[in-house]
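Take a look at this single chain in C-alpha cells; it is the form predicted alone.
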Amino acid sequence: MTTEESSKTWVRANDLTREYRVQTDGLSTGRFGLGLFRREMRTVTAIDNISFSIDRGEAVGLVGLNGAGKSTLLKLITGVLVPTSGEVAVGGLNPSQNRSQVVSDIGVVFGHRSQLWWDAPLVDSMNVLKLIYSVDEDEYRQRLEQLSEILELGELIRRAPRQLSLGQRVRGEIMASLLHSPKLLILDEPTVGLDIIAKARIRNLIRTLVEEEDVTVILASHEVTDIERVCDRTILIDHGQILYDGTIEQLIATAGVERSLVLDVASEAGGTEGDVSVEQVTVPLTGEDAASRLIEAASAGTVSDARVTGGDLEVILARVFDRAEE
C-alpha cells in the first residue's frame, strides 16, 4: 500500500479470520456428563476470511443478525481481540500490537455499556478521561465547551448520569468518546431505547462529525433508520462473512425490489366548473421507458403529491438475509 493510499484508508482488513474454541454441548450430542471428566471442544468461526477497507471521513453501517459476527469484528478493529489469521490495520497500525497508539485515535460508544461514573457529575468523568488520553489543558477546555454546545448538554455536565434521561446519558457517552478528538468513532447500538426526538438528534450529530470534522464512523445497529440517515455505505455480515458491501442505492438495485413512484394527479372534473378530481397513478421506476411514462403521467394534470414505494430498507435487508439462509 502506498503512503497516499494508507493516509486515505483508515481501516483495512485482509483475509481476516477469528475462531473460538468452545465446549461441546453434551445435551445436543447425547453425551451429557462426559464433560465432567473430559472436555470435548469444537471450533466456531466468528469472522470468516473477510476483506474490506474504510476511507477517512467515511460513515459505514455494519448490519447483521444476532450472532453474525459484528461485535467480534469491532473487537478486532479496536485491538481487544487478536485475529486467528489474516490482518487488520487502523491508521496503518496493527491494533492489537499497538494498543496505546491506536486507542488514542478511536472513540467507542456501546449502547449497553457506560464509560461514565454513575454517581459523579459528567464533568468529573471528562476530567478523568482527559488524564487517560493526555489531552492538553487548553485543548481540553476548548473541546469540552465545543462538545457541550454541539450535544446541547450545557449545565447538564454538572449532573451525574443517574440524574439524566437515557438520551442525555447517550449524549454524555458520545462526549466522552470524542473528548480526545479521535479519527475513528465506533458506535454499537447508540440509539437503543431512545425516543424519536433523541434518535434524530444523535443521527444528526454523527452526520455533523463526518461532514465537518472528517471523522470516520463505523455504526453497528439493528435500527435500519440509523443506517439510512447516517451512513454512506453498508456492510452486511452473516455467519462471519460479508454478504454485501456498497451503497444503499446499490443494495436496493441488487435486491431486485420493484420500486414505483406513486403520483396524485389532479385534473378538472367533467361536471361543475371548478370541480377537481384526483387520480392516483403508479409509475414503475424500472425499465428503459420509465422516464417517458413519468412525463406522460405528469402531463395528465397537476401533480399534488409524489412518493416512492417498494424501497423500504428493512424489507430489503430481510430479503437479503433470507436468501443467505436458503
Partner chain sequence: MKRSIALQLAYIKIGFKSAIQYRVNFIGGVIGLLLHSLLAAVGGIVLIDRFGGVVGWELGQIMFMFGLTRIQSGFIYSVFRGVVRWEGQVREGWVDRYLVRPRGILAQASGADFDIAGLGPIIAGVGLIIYGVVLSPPDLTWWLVPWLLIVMVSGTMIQLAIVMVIGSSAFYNVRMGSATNAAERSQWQMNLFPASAYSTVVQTLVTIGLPWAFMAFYPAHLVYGVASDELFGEPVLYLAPVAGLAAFLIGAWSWRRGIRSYQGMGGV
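None of these values were measured; they are calculated from a predicted model. Positions refer to the first chain, counted from 1.
Keep in mind the form predicted in complex with the partner chain is missing from the figure; the text below concerns it.
Judged against the partner chain in the predicted bound form with a 4.5 angstroms heavy atom cut-off, the residues V80, S134 and R162 are in contact without exception.
Among heavy atoms of K75, some come within 4.5 Å of the partner chain in the predicted bound form.
Shown alone here, Q250 lies farther than 4.5 Å from the partner chain in the predicted bound form, counting heavy atoms only. D214 falls outside the set of residues with a heavy atom inside 4.5 Å of the partner chain in the predicted bound form. Using a 4.5 Å cutoff between non-hydrogen atoms, S125 counts as a contact of the partner chain in the predicted bound form. Checking 203-211, 232-240, 114-122, 138-146 against the partner chain in the predicted bound form, the stretch whose residues place heavy atoms within 4.5 Å of it is 114-122. Between the partner chain and the residues V108, L151, V224, A198, the one pair within 4.5 Å by heavy atoms in the predicted bound form involves V108. The contact residue chosen from A89, L184, V103, L156 relative to the partner chain in the predicted bound form is V103, the criterion being a non-hydrogen atom within 4.5 angstroms.
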